[in-house]
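First comes one chain, alone, set out as structure tokens in the form predicted alone.
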């Protein structure tokens, strides 16, 4: 094998010298990496493309283009690679706090966002995820997820040069730039799609095209509708080509054909291009859908993992500091399959989001606690990205088998949760909005800002100070779990000042049909000014999250990924331990709207029989006294056993 690799490397060097490839001074470093990665990369890609007659050519071109990307990598990013390879554990650093926003809504484009860096530092942010900013169709673009060019930006936000400058400014402030890698599909206005429409066979092979509708019908029998309110089926007729196009999400988003090795090669170039702009983390969008196979649901197939692992291998060659974060809103068992140091080092945790809201509605933490105990563990070197909400909807992604263990019927419970968060169920505190209701199976998802879903909007409508206080505590409780449970917390910007639903989207023709825009707020100057006012809702929420971030930086406990779930003694009490270096953190959260007493005997067990202090307000907690938790109150109780030594 070593001799074969040596021959391959020698041939590459000869051919690239003849082709006047970039500066050969980079070759020794690259070839050293290639010796390590080549066996793995060949094995992965051979399993996908080994039977293709063009495989050898495409593979050699892939390596050449990866070498070009390596040679083009800016010096500051090379230094970042040296300090922060995936094995360095940067993703496990408990000081990390993430935020996510649209550049055109949180600020006026990339330059305006640079002006917001001091604000982000106030919040303790170290990881900024910018929602899609690429060139996209003006009208139909799925919030930017229909990409027309990965190398151009929406002109309203600025240029790619502006993005690179922002990346450098963020890095100087100690913040990583996170960007979506939308690699399942392109828009129908992408150059590849336009050439396919023009009849060029090479680019028609970039997509799944069918002349015979019977083929699409055979596939469709096993597929689900992703956006049933917008359209039925996963195929769109293109009259110009006289072909059906595979379009899993929207008719204007054409799925890429990864059975063609040139598609993999083309997207690898886009990946390394983004990395060389200063992107530190790629959020891999729609990972579950990237491989199609007849007779299956075309989701979570083994080849999808192979493709991601191959991209990861190429990143190790060209930009080894680049981390991958998976976005798989699927069954919890399938989510876990994407998480590995050689696949995705980070992963969204949609299960935690769904079950936090489930516990808030039911005042019963049993499903949440059971999932934390059963599903929170990850492979070494990997971490969850935990969040209260995201740019998308809230889907009830808990496992039916987990619910059944508690005597809960999954379908019935999802119907209840939808009714509750739409504000229709008696006693609901929520002001949510429906998203993608499917009358055939009753499936529905929920939209809304965290503040509106947590009850602040209704409390303000009804003028109830008591409801307002409980709602604010509920919001702080949810985020307090996210900031302490282990992993990287992610704040959707706007939540830090308790922004409410923005119903103005209904008056915008470009957004009116997509209720997700109700929770994508624009920057509010008035709320920003209230952030330091301790008497305002915005100020209390801002200072709370700021405090969470400060505590994460101060205590190594928060870098611990694992936790030990405890029996809270009451269905409304979530309790768990975090432990490190002689310190014990007991997190207690009351999901009830009523006060709850924790008896001294149980509290003593929680605290290991020692005195503790609530990090959130400094209050001393004694193990021999009952502890009263107010409605929706959260405590982070630290016992420092080293202090008595």
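The structure displayed is predicted, hence computed values, not measured ones. Numbering follows the first chain given and starts at 1.
Not pictured, yet referred to below: the form predicted together with a small molecule.
K.L.:
Please identify the residue among 307, 359, 549, 329 with any heavy atom within 4.5 Å of the small molecule in the model of the complex.
P.N.:
Contact check passes for 329.
K.L.:
Which pick from 95, 243, 511, 391 sits with a heavy atom within 4.5 Å of the small molecule in the model of the complex?
P.N.:
After the contact test, the surviving option is 391.
K.L.:
Which one, 541-549, 361-369, 392-400, 204-212, holds residues whose non-hydrogen atoms are within 4.5 Å of the small molecule in the model of the complex?
P.N.:
Among the listed stretches, the partner-contacting one is 392-400.
K.L.:
Find out whether any non-hydrogen atom of residue 185 is located within 4.5 angstroms of the small molecule in the model of the complex, and reply yes or no.
P.N.:
Judged by the heavy-atom cut-off of 4.5 Å, residue 185 is in contact with the small molecule in the model of the complex.
K.L.:
Within 4.5 Å, heavy atoms only: does residue 316 come near the small molecule in the model of the complex?
P.N.:
Heavy-atom contact with the small molecule at 4.5 Å: absent for residue 316.
K.L.:
Is the gap between residue 336 and the small molecule in the model of the complex 4.5 Å or less for some heavy atom pair?
P.N.:
Residue-level check for residue 336: no, no contact with the small molecule.
K.L.:
Please tell me whether any heavy atom belonging to residue 516 falls inside 4.5 Å of a heavy atom of the small molecule, as the geometry stands in the model of the complex.
P.N.:
Contact check for residue 516: yes, within 4.5 Å of the small molecule in the model of the complex.
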